[in-house]
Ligand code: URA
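Just the one chain here, the form predicted on its own, laid out as C-alpha cells.
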C-alpha cells in the first residue's frame, strides 16, 4: 500500500486533508505529520494515517481543525434595521435572508437590531462554540458614535470596566477617542447589548454602533447588506484566536 492510492470519500489521507485546508503542499503537510505536529483523536498521527471526515478530530499544533465536509463560512456586513434571527413574528427584515438557502447556517453571536457591522454565519458548530464560549476571549472591535463627546472620566470607566447590572462588571476594554463623539472600543466578552449598555452606564448613550472586527477578521470593502466567503486562512486564524486568547490561557 502506498500513499498515492485512491481515497474514498470517508477515508482520506491526512496529508491530503491538510493540504486542502491550506496548510501547504502535500509534501509540506507530510513533513508536519512526520514532525509530530498533527494529532488525530488526541493521538500523534503517523504518516499514511487516514481520516474519516465525519468522525475524526484533527489538531495541528494543538489547535482543532474543522475537517467535516460541506462546511461553509460567511462574513456578513449587517445593516441597521435587520434581525440576526431565523424568524420574526413582526415581519422585520432578517439578515439570514440575504444568504444562500442551503446549507443551513446560523450566526456566531449576535448583533442587535440597530447595530451594524461584521458577523459570521456558519454550519461549523465546533468553531462557533469555540468563538462564543465565555472562555474564548476573542476580541470584537466597534466604532461608537455618541450624542455627546465622552469625558475623560467616562473613557476611563469604559477602559477599566463598567457595572452594567448589579454585580456584573465588564472586563477592561481597549478604548480610543478618535474624534469628538467617535470612540473605538474593543471588548473580549459577548454579553447582550454589552457595548451599548457600557456607554449608557458611563453616561453617554450610543447614537450609532458598527462592529468593524471579529478577532483577526476585518473587511472595509464589504458593503452593508453584502456577504462573502471566509478564506481558508481566515478560518484557520479564527480557530487559532479562539484557542490562544489571553483570557483562555488564564483558565
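Positions refer to the first chain, counted from 1. What you see is a predicted model, and the numbers here were worked out from it, not measured in a lab.
Another form, the form predicted together with uracil, is not on view; read the next lines as being about it.
- Among heavy atoms of residue 50, none comes within 4.5 Å of uracil in the predicted complex.
- The closest non-hydrogen atom of residue 160 lies beyond 4.5 Å of uracil in the predicted complex.
- Contact check for residue 193: a non-hydrogen atom falls within 4.5 Å of uracil in the predicted complex.
- Remark: residue 60 does not count among the residues lining uracil in the predicted complex, judged by a heavy atom distance of 4.5 Å or less.
- Comparing 214-222, 23-31, 36-44, 195-203 against uracil in the predicted complex, the single stretch with non-hydrogen atoms within 4.5 angstroms of it is 195-203.
- Taking a 4.5 Å heavy atom cutoff to uracil in the predicted complex, the contact residue among 144, 138, 111, 120 is 111.
- Proximity to uracil in the predicted complex, defined as a heavy atom within 4.5 Å, holds among 170, 115, 107, 77 only for 115.
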